[in-house]
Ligand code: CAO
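Shown below, as structure tokens, is a lone chain in the form predicted on its own; questions about how it binds or moves come after it.
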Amino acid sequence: MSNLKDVLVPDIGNFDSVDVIEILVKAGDTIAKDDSLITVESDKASMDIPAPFAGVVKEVKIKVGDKIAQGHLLLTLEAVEMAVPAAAAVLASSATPVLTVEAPKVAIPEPSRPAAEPPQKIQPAHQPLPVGESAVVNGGTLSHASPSVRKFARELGVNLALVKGSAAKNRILESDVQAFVKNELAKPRSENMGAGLGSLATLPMPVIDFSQFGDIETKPLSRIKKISGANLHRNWVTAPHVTQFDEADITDLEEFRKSMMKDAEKRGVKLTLLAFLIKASVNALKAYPNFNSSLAPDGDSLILKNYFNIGFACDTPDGLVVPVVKDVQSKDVLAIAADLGELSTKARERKLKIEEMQGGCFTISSLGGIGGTMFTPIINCPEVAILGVSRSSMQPVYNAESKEFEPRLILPMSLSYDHRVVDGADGARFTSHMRMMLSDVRRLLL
């Protein structure tokens, strides 16, 4: 007979309190014994708290961001079997500190995903995680991993399809992921590390005691930089990058932008060049649809997208994040500017939602406000291209009609693209199209 029971925080070790970083269940969910209920994090470890018994969730008593301690009420369950005193033991076994890989530091890039697992967008620091148990195919059997374990694996660039689970029903624990990484690091450097990227016969990075040369200070990386660094490395070694450089004359566009400032202020928005770049990029994506695509997981086909969501790199105190402006094709530049302002503010205040960083087709990284001439932006896979723009400058341009040099405002552009999908000719055509759109405001506003 079912009965209503409280689920409390079990023994969490020598911690006064821990932060709730993820809630994996909701009211009405039917869960089995040992299913993960929440993920908590201390300054030393992240861990799942499992269900002490099976049942139906009646009410969740906590929220993300709460600080909890042993004995804190998590939720109420309509139990279908009596609780067993195993929760603390399971918690203790999963409370493995986040792995710090000592030198040689070798990233474990993720190979092509199995056909059973859909492609997922990887964005610095904010990869969405499924709720509840998720499964991957491993040697013909099902292996289960909780969202927090999958998150841990992604931070290390490990494909869970290659990891053998040691818990019941082949459930993968953090310790299994750690063991896999340690085993891969122990292999000779000429092996391909299970990444499917061919031989990675690179020399290990030397371990140097820099304090012997003078005073040093060790500063930990932010969580965003740790995660985005692993993703950027994977994107760089997975996608063969080619960067096409070009310049656009934005003299007339800049005059037009300034003439619209009063209208923009009336609507409470700041009209920047980025809004026009996003508008122009959609026009170029329509003209060259291969840029608005992603490679299928098997690498044998191309997924063409009929929607136009543009991401933009946003600098925050914790590192770069990539919010996404949705349905750009249906918005004018003022509406785009309003979205840019709202998303940028949320990013700086750490209030971006997961859905506001998903679904991008193409990314723009603008360094114009900082400086520089040209650079090579890294593709935000599984997108196939990214546009970088640097600081515009006044340059003398020869006018064939007047046979004189005229001062014109020139914008440097750097387009990186995945050479598996886009060839050099289309890369040049794309930047030429962007140059044409940006140099003629009438075309841009059509």
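Each residue number is its position in the shown sequence, starting from 1. This structure is a prediction, so every number in the text was calculated from the model and none was measured.
This protein has a second form, the form predicted in complex with the ligand, left out of what is shown; the following refers to that one.
Interface residue among A385, V389, L37, V40, judged by heavy atoms within 4.5 Å of the ligand in the model of the complex: V389. In terms of contact with the ligand in the model of the complex, the residue from V181, A280, L75, L274 that brings a heavy atom within 4.5 Å is L274. In the model of the complex, no residue of the candidate spot (M47, K151 and K164) has a heavy atom lying within 4.5 Å of the ligand. For the chain shown alone, D315 is a contact residue for the ligand in the model of the complex, at least one non-hydrogen atom being within 4.5 angstroms. Looking at I370, you'd find a heavy atom of it within 4.5 angstroms of the ligand in the model of the complex.
V242 falls outside the set of residues with a heavy atom inside 4.5 Å of the ligand in the model of the complex. Interface membership of I31, defined by any non-hydrogen atom within 4.5 Å of the ligand in the model of the complex, is ruled out. Partner proximity in the model of the complex, defined as non-hydrogen atoms within 4.5 angstroms of the ligand, places exactly one of 266-274, 326-334, 283-291, 298-306 at the interface: 266-274. Contacts with the ligand in the model of the complex, taken as any heavy atom within 4.5 Å, map within 405-420 to L411 alone.
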